[in-house]
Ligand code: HEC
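We begin with a single chain expressed as structure tokens, specifically the form predicted alone.
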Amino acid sequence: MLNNGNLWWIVPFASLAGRASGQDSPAPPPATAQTGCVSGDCHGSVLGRSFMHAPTAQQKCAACHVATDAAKHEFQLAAAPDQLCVTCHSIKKFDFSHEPVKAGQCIGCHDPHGSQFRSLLKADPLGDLCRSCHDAGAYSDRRFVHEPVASQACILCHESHGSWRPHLLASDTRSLCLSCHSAVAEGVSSARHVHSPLLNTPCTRCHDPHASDHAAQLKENPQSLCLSCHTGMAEQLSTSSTVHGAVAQEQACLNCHSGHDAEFPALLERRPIDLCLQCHSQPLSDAKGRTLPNMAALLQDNPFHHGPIREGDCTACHDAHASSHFRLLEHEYPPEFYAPFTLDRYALCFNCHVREMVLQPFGAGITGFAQTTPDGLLNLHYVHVHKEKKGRTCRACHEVHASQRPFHIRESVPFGEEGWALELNFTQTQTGGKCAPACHDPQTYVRPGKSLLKTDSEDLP
């Protein structure tokens, strides 16, 4: 390799060896200027550009062009078109090469004489160069376009000549994405819970790196994308009679879950109760047009909260996705005032509360709602609920979310098809209590033990 001014010429090793031994060998193309090649009258347009190819700038045209008939001004390239550039420019071999490089079509992207752009590019690399071959029509009509694509900065992610990675990527997909998306990178390194695909698969598993009709360049709508992996949830949604409205909205799973990382289990964006109250802070309607109360106001106005509410876990009773039970409940719960007793009918309640309260007629320590009798301590939950026909269900006396009274005792209960509000008129005493629902005579229960007035944080009277 010989240095001629600012230009490096590659001379075949055999030629140098032949000269050293005195043997004849083919001489390299002459590196002398062709008189008058570049002037105002001839080929003057190749000069005066911001970036010049060294042979052109030095007017050493013979480095690339060889005269075949000077009188007729006929020339040919000094080497085959797919070999000429690499006689000077060494191109590293990669596992994946850009098609023009592989085919030796350097002038597909580079001007061999000079250019207004660096690297003698024929067009702006942040403009139309890549799009001269790669059709942008596939992205132009999408709602969301990745910023590097929108600004035509393809070289931020792709190598121009070759790469060890498919699609000529400049780095592995995950590192490449996180080099710009620093907030995601920080979450991956510091969050308590990280979505496993973010650790085990490329970001392109969920995101289109160029453009999409879905926010954040998601490849599909959020629900379809999530269910492509969460097949168990897909089955639950398809087989349940009621699907939570939040799941059916445009953002679907992303209304509650983070796609990348979170401080709460199941990648929840916030505490379960805080997520629920984001929507349930106003009157809503269910799928059948029935009004759902403003739960935030109800909890604020009623100081005695059900245990799961106190713990901030609405999902202890409700399925956040879909259910075939009333009000998206996890298990069966009687919605009516009267119901024949079966244990299965109260499956939701007995997921936490002891079953003996409705199975055993007598016994101390089962529940505080008990009456002292000559036969023993009568379990009044059993008396009310355990009936073949008109058993009082839990809702006959208790509010399921919050109440003005201890043990979630209701002020009134809707009764009958017209929804009459029957007052319970419950009064708590030191050793029991009494109630006088509607027009019935007052009923009193007395039991031994400590004052109920000091146990108003418990779940049962």
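So that there is no doubt, residue numbering starts at 1 and follows the sequence shown. The structure displayed is predicted, hence computed values, not measured ones. Take the two forms, superpose them, and find the largest set of C-alpha atoms that agree within 1.5 Å; that set is the rigid core.
Quick note: we don't show the form predicted in complex with heme C (HEC), though the next part is all about it.
This chain is drawn without heme C (HEC); in the predicted complex, the residue among Ala191, Leu378, Ala297, Ala252 with a heavy atom within 4.5 Å of it is Ala252. Think of it this way: in the predicted complex, heme C (HEC) has a heavy atom of just one of Ala67, Ala436, Val46, Leu422 within 4.5 Å, and the residue is Val46. Of the heavy atoms in Leu169, some are within 4.5 Å of heme C (HEC) in the predicted complex. Under a 4.5 angstroms non-hydrogen atom cutoff, heme C (HEC) in the predicted complex has Asp286 among its neighbouring residues. Taking the partner from the other structure, heme C (HEC) in the predicted complex has a heavy atom within 4.5 Å of a heavy atom of Glu269. In the predicted complex, at least one heavy atom of Cys352 sits within 4.5 Å of heme C (HEC).
Residues of 110-136 that come within 4.5 Å of heme C (HEC) in the predicted complex, judged by any heavy atom, are His110, Pro112, His113, Arg118, Ser119, Leu120, Leu121, Leu129, Cys130, Ser132, Cys133, His134 in sequence order. Annotation for Thr315: C-alpha shift under 2 angstroms between the shown form and the other one, rigid core superposed. Annotation: Cα of Ala396 displaced by less than 2 Å between the shown form and the other one, core superposition.
Taking 2 Å as the criterion, Gly365 counts as shifted between the shown form and the other one: its C-alpha moves by at least this amount when the rigid core is aligned.
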